[in-house]
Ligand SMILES: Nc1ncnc2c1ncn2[C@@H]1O[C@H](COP(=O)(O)OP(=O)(O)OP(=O)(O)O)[C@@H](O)[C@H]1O
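One chain is shown next in structure tokens, namely the form predicted on its own.
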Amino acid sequence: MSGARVELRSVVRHFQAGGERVVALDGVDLTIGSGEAVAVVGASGSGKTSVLNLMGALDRPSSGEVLLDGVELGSLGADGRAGVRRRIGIVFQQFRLLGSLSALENVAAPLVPATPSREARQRASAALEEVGLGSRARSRPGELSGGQQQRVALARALVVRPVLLLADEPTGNLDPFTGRGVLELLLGARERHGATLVLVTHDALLASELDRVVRLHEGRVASDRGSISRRASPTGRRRPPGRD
């Protein structure tokens, strides 16, 4: 499976807040190639989450175009957008797990009702194994640590076999050691599944682990550059900018 190509063309997103017009994105042009791992960074209010919501077909631009593998998302009706979202895995900072469901049931939820229940449970079980939580399938979120809950959320994103994996501050609520583990799982999942990865973060060190760093400032792209990864290449040398 190959990852999705994502394009934002002259994207503007504004909304009303207390009678005032707020511009979240102001003419963003951005292309992310198939299989790339890109960090989107910037101060609070710079438009990072707005970009992620548009890429995930969770929101529509006020003007401009958002394309996924050449398909303009704004041209799609409700059913078409729902179909696109079934190809996208999203990991949220706040986990967004249902407390009344087990880890297995939370992971299987995106597959219901389109996938037969037996297949959904098998795929959910495999996704939990992938993130190292196969033994906690019956546990509910309240019985898991923050790091374990985030791994369940990652398994839920992977269970759809995504072509695009989006992560919104996935380590923001975790201690550095646990956050590092979640980052390694994201990068490993991207490599195994071939998905394009877009990660929003405030953490410059974490961002440096990805292929590219896109910096937003006041709703605009301030810089877009390759990143020197701190992960060693198979030969033991540091990877050059912009390379996997």
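When you see a residue number, it is the position in the sequence shown, counting from 1. As the structure is a prediction and not an experimental result, all values here were calculated from the model.
The protein also exists as the form predicted in complex with this ligand; that form is not presented, and the subsequent description refers to it.
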*Give a yes or no on whether each residue among Gly89, Glu184 and Leu205 has a heavy atom within 4.5 Å of this ligand in the predicted bound form.*
no
*Considering only heavy atoms, tell me if Thr49 and this ligand come within 4.5 Å of each other in the predicted bound form.*
yes
*Would Ala43 sit within 4.5 Å of this ligand in the predicted bound form, counting heavy atoms only?*
yes
*Tell me, yes or no, whether Ala24 is in contact with this ligand in the predicted bound form, where a contact means a heavy atom of each within 4.5 Å.*
yes
*Using a 4.5 Å heavy atom cut-off, state whether Glu130 contacts this ligand in the predicted bound form.*
no
